[in-house]
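Consider the single chain below, provided in C-alpha cells and representing the form predicted on its own.
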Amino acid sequence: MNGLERWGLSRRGTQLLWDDHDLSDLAARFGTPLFVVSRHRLEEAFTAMEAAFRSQGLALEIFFSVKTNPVPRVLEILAGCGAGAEVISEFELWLARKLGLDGDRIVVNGTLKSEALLRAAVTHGAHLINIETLAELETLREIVEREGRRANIGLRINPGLRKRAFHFTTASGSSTSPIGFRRGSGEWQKALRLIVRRPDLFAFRGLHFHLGSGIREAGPYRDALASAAGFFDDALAAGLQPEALDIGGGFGIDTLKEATAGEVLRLFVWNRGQEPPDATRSRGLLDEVADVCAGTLSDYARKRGIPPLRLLVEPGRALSGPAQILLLSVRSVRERARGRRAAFCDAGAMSLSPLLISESHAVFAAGRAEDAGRLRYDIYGSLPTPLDIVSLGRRLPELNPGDVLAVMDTGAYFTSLGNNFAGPRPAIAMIENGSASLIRKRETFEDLVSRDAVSGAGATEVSS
C-alpha cells in the first residue's frame, strides 16, 4: 500500500480528501497554516495498539505522552478511549486533572522533577512516579513524610543499549545516556535499600525504561527487556515484589522517518532532503514489540515463580502522529538553478516547527491530480532564510500561488514545539462526527503581547 490510502487520503477529481473532507475547502474556511486532526484516526490508532498487545495476553495499560500533543480536545478523546496520561511537568499534570483524569490514570516522569510536581503527584495519588536518581527519591521521601501519604513508585533504569553511530532513535536508553539508574552502581543499591526500609512511605510497583523516539524495529526493546531482567533480580533479592514494567514509548510509524546525523549534515552542507522511510515492512512494529514483551515477561515470571507482570506503555507519536496533518498555502513559486524550483509557503521549520528539518514527511498538493506532470520542488516557509524549510527535493505537480499543500503525520510534537517566530501560531481544526470545527483558535497579534507591559503615550494597560 504505497499510494494515498496509506494516509487515509483519497481524490475526488483533483481535490484531495481526508476523512471525506476536501482539504482545499478546509484551508479556505479556516485559513492557513492550519493543523487538521482526525478523531477517527486517533481512535483507530488507540484501538490498534490495544489489540496488538492484548492479543498476546498482556495485561496492558496505555498512558499517552501528553508532551507529544498537549491539545485538550486531543487528550480528551484519547482519555475517552481509555488512555491515561504520562506527564513530565506541573502544567501537564494540571491539564490531565483539568480534563477529569484521576490520579490512578496518571504516570509521572521527568529527568528533573520539581518538588511541586512531586508533591502534586503524591497529593493526587498518581498511579506511578518513576524515580530517576537517589536524590529524587530522598526528596520524595521528605514530601511523603510531610504529607502523611504513601507514594506509588517505579525506578527508571538505564538498559545500557549500544549506541548506534549517527542515529538518535535509541539515545535515551543507550549506555552513554545520563538518564536512569545503572545496574551495579552504589546509587542503585542505596535506592533499593531505602525503598525496602520504608514500605510505609513507598509502594514499589516496578521498573521503567524509555529508549528514545522514532524506533522502527523491535530489536532495541528485546535488548532492553533482557537488561531489565537483571534489575528485576536485584529488586527481588532486596525483598521487593515488582508487579509492573513500564517500557515507555518511542514507537515509530511507517510513513515518517526521523533524520540521522548524516542526513542532517547532507541537508545543511548540500541542501539535499531526506530519503523517505522504507514502507515495505510485512508486519507492524507494535505486533513485533508485543510478541517480544509477551515472550520475555512470561518466561521471566515463570522462572522466578512470580505473578505475570503488568505492562505499561507511554506512546506519543504512534497514536497522535498519523492523526494530524498540516495545511500550507503556496504564496510564491520561483525558478532556481539546474532546473529546480522553489515554492514559498506561509510556514516552515523556523516559522512553525523545527521538526520539518529533522523529520521526513510526505507532502501532497491538495488540488492537483497525482498523475499530472511532476516537477522537483524545494519547499520553504515565509522567513528570509533557507533554514525555513518545509521539504527539499520533492516531486509534485506544477504548483502555483494559492495552491494548498498537505504535510502528513504532524501530530507528534508539532503543536508542543511550535513557535510564533514570524507571527501567531496556527489554528487547529478537528474532523469528527462528519463535520470539521476549530478546537483551537488561531492566535492573534493581541494574544502575542497580552502579557507584556508597555508605557508611553497611547499605551493601554495589559492584563496579567
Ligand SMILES: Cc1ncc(COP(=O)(O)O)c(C=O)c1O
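All values derive from a computational prediction rather than experimental measurement. Residues carry their position along the shown sequence, with the first being 1.
This next part talks about the form predicted together with this ligand, which is not shown.
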item: Proximity of residue 359 to this ligand in the predicted bound form, heavy atoms at 4.5 Å; value: no
item: Distance check, residue 391 to this ligand in the predicted bound form, heavy atom within 4.5 Å; value: no
item: Interface membership of residue 213, this ligand in the predicted bound form, 4.5 Å heavy atom rule; value: yes
item: Residue 67, heavy atom within 4.5 angstroms of this ligand in the predicted bound form; value: yes
item: Which of 198-206, 245-253, 298-306, 341-349 sits within 4.5 Å of this ligand in the predicted bound form, heavy atom basis; value: 245-253
item: Single option in 413, 53, 46, 30 placed near this ligand in the predicted bound form, where near means a heavy atom within 4.5 Å; value: 413
item: Candidate from 170, 109, 158, 353 lying within 4.5 Å of this ligand in the predicted bound form - any heavy atom; value: 109
item: In the predicted bound form, residues of 299-337 near this ligand [heavy atom within 4.5 Å]; value: 314, 315, 316, 317
